[in-house]
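Below you'll find only one chain, the form predicted on its own, shown as structure tokens.
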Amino acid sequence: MREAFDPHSNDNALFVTSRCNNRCLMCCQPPQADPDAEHLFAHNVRLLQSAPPDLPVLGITGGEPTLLGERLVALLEEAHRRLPHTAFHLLSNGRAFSDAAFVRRVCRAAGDNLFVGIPLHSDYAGDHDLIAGCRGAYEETLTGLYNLADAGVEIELRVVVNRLNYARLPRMADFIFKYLPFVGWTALMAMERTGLSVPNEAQVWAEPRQYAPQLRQAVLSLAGWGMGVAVYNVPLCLLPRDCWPYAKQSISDWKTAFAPRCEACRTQAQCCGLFSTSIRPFEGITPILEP
């Protein structure tokens, strides 16, 4: 849990609860049942008092932040009061936003500074609910996405690529283009090999080089249709070259690592690297030596 802000970090965030109403099969931070919201609310209010006034982005994360209900509204009000020019990046499963009135309260609290990152595990409800570990999650998440769009909130749609959904990535791209054209961008993300992805490895784990063809098709389709698209957490040596322009420095600075063999790579400065939190690195890491 963060005790102070780092103006040089790419990952300043308020951790607001360890509870979640999903139990995603590959969750990197498994939810806890502890009633921690009040303790963390007080901690985060104190933390905001030391926030640099020129902080460009502040994350709001958990767990599932919307489980705070009106406490989330109050926290956003305090954050906006102290940081009127800071963008708030709220990570949520989106289910609580199926309540349009709650969306309006959250938007008023954050001013015009809110953008929300929401995972969509599949265009097919059965797969989404299986991966999310909650029946009915797909319907609530989609309703939440439409309510956020109706309120004018910028949306980052997150697709965590795994064994259960990677074959559908091209169809997911088509679904997003047709039915979610309002999202600001779609982030296609490799998994961390930690948390619940470890005991569920046989069910969910897939290596980036396994799904590279489907990832490439989805990325280039979305880009070709004029939609925002990004690739998170995939090292450049595992990504098709025509997808390199969409690769982002996505891993939090405090958990970015490189394998010893990466020292000779000419693209290391542009690469997202590897998760230091993963129990094993991706297969096929190879330094890029040629121009």
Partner chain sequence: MRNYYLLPFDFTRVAHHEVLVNEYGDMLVLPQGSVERIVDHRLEYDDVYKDLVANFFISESRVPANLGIYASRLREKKRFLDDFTALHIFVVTLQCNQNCIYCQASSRSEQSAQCTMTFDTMEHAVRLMFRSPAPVLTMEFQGGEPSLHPALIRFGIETAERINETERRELRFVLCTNCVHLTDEMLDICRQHRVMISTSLDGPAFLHNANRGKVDSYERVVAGIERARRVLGADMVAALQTTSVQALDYPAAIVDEYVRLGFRSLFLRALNPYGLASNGQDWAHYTERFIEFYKAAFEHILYLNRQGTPFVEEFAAIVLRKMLTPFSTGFVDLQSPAGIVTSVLVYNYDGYVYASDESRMLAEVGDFTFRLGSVHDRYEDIVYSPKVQHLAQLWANEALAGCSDCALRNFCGADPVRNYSTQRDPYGHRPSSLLCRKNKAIIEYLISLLVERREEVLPIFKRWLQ
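Keep in mind it's a predicted model, so treat the numbers as computed, not measured. Residue numbers count along the first chain shown, from 1.
Not pictured, yet referred to below: the form predicted in complex with the partner chain.
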- Message: To verify the annotation, which of these, 185, 102, 115, 124, has a non-hydrogen atom within 4.5 Å of the partner chain in the predicted complex?
- Response: 124
- So which of 210, 194, 203, 143 gets a non-hydrogen atom within 4.5 Å of the partner chain in the predicted complex? 143
- Would you please decide whether residue 225 lies within 4.5 angstroms of the partner chain in the predicted complex, comparing each non-hydrogen atom pair? yes
- in the predicted complex, residue 199 touching the partner chain (heavy atom, 4.5 Å): no
- Taking heavy atoms only, is residue 88 within 4.5 angstroms of the partner chain in the predicted complex? no
- Does residue 82 make contact with the partner chain in the predicted complex, using a 4.5 Å heavy atom cut-off? no
- Query: Out of the stretches listed (163-171, 70-78, 105-113, 89-97), which one is close to the partner chain in the predicted complex, meaning heavy atoms within 4.5 Å?
  - Reply: 163-171
